[in-house]
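We begin with a single chain expressed as structure tokens, specifically the form predicted alone.
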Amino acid sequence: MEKGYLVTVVVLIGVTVRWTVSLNSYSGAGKPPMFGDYEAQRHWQEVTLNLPIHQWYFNSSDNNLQYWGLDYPPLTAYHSLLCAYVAKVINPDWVALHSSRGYESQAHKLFMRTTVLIADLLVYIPAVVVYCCRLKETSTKKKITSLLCILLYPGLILIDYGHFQYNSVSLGFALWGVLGVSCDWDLLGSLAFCLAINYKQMELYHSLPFFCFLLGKCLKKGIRGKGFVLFIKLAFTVVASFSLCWLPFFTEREQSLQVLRRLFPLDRGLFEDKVANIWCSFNIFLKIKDILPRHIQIILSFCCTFLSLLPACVKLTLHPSPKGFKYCLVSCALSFFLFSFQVHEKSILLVSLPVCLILSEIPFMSTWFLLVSTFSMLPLLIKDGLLVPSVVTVMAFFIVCATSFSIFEKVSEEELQLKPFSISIRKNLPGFTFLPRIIQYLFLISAITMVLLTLMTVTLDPPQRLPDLFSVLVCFVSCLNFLFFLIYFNIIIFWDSKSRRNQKKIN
């Protein structure tokens, strides 16, 4: 009874913080001609309601793709259509074809904010609650603490409720998928993850760990026996779920190809905005976009991404476990973010979700990463007028994590899950006992740098010759942090001890 009461209180706190952030300005408010991502979501409702399905992804006089054309998979379009039906009942002007462009009113803002919150309450928040309640070998206090910290993660709140997105839907489906396959509900887990991909194509960041974990399970059961049966069932589930989502677009070959062209816009080049990945950071020193042809950029990006995630995926396939699955999700998503083609700032949320799942296992490093992930989106958040909500939510998140998990007391080799690695190093270097101290110093440097760069961005004007100086520095510093974390998580994956304690982690 007490546990249920505490869960309810924590969820109410999470909902209150979300709604408070949503009361601030949103992306593109009063800024023609595009009006930002808020208008993009409203415009998709307008398009899906007023045009037949076969015109949703095609350029026409009624659907100018240069003005927020649909570029997400069919499930997002269906969600937009559902919201549009409700909007039309309340006020048809909100979704009137052409005349509703740039529509702004208090009533419509309330409606749009409510749609985000309802989606959150239906998909993401229940998944987080179930995940935290199923934490094994964990006290009730720690479960509640984990739930509170995950729900207070500022990055997702600021993007979905300030910048205005529905990332919680795809991330929620992905989390249901993680729960499913970790609890041996493999078909349900696969179905949930297929829904995630069909809502936002960026969920492909998580696809290889899902594939490798399930393939490893099949191999473990025996490819000629139960493993083969499971493989066939999984294949049927994936094909059936994708077929149902894409059924209206299978009528003509050109329909399917056009949707794929919209989902994967290779013509935009290696990168578009300033993102904290390798390509944008490397561009400071060498203008790779101008030197290499686009097809070479695609090949280079693919090779770097594939090589960086391959070892973790091979390890997971050969030794499938729920713990290894979660860490592989982190490593692969981070590899995609750092090396893949056409990455957006908000894609770091795809790495942050699996990091949230290991928050109770390595609270110090997870908290550090989640702070950096929010900081990496600073230029976007300032652009949307979300500086104050960003500072407040980051401070609240950090204080809750620091006090609840006592993160500064959990920096030993064992707490950082670096003991197997340190032991292997000490075989050749007996004096190698200072790794936790180095990590503490790195955290201090990282935190000070983030605070200083935030203050500089807000208070100082950049030089006229370098108008993007501060945003570039934010990207570069964040990228260095992410490279460090990629190495750190891969060390955990490959030096994972086979002790009974590690085998009994979250199921």
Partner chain sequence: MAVLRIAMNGGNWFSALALGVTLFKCLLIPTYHSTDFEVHRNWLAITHSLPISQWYYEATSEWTLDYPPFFAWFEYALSHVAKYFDQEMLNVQNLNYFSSSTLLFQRLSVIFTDGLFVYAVHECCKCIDGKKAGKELTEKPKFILSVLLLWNFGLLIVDHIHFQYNGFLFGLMLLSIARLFQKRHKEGALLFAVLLHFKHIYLYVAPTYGIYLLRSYCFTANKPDGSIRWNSFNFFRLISLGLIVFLVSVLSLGPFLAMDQLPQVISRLFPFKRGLCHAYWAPNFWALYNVLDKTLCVIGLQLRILDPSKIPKASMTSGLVQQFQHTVLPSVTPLATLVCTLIAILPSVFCLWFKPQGPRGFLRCLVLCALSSFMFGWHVHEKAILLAILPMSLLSVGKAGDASIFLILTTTGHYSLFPLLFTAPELPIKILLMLLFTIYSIFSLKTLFRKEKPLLNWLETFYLLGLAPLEAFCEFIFPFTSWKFQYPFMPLLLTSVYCAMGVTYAWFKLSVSAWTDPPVGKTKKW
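Residue numbers count along the first chain shown, from 1. This is a predicted model, so every value here is computed, not measured.
Another form exists, predicted together with its partner chain; not displayed. Remarks below refer to it.
- Message: If we define contact as a non-hydrogen atom of the residue within 4.5 angstroms of the partner, is Glu409 a contact of its partner chain in the model of the complex?
- Response: So Glu409 counts as contacting its partner chain.
- Message: Since only the chain is shown here, I'm wondering whether Ser105 would be in contact with its partner chain in the model of the complex (any heavy atom pair within 4.5 Å).
- Response: Result no; Ser105 lies far from its partner chain in the model of the complex.
- Task: Look up in the model of the complex whether Leu483 has a non-hydrogen atom within 4.5 angstroms of its partner chain, and give yes or no.
- Result: No.
- Query: Wondering, does Ile13 line up within 4.5 Å of its partner chain in the model of the complex on heavy atoms?
  - Reply: Because a heavy atom of Ile13 falls inside 4.5 Å of its partner chain in the model of the complex, the answer is yes.
- its partner chain isn't shown here, but in the model of the complex which of Thr251, Ser99, Thr403, Thr433 has a heavy atom within 4.5 Å of it? Result of the distance check: Thr403.
- in the model of the complex, which of the listed residues (Ile438, Leu444, Leu455, Leu466) lies with a heavy atom within 4.5 Å of its partner chain? Spelling it out, the residue with a heavy atom inside the cut-off is Leu444.
- Task: Choose one stretch from 394-402, 371-379, 312-320, 189-197: the one whose residues place a heavy atom within 4.5 angstroms of its partner chain in the model of the complex.
- Result: Correct option: 394-402.
- Quick one: which residues from 99-124 get a non-hydrogen atom within 4.5 Å of its partner chain in the model of the complex? Heavy-atom contacts within 4.5 Å come from Leu110 alone.
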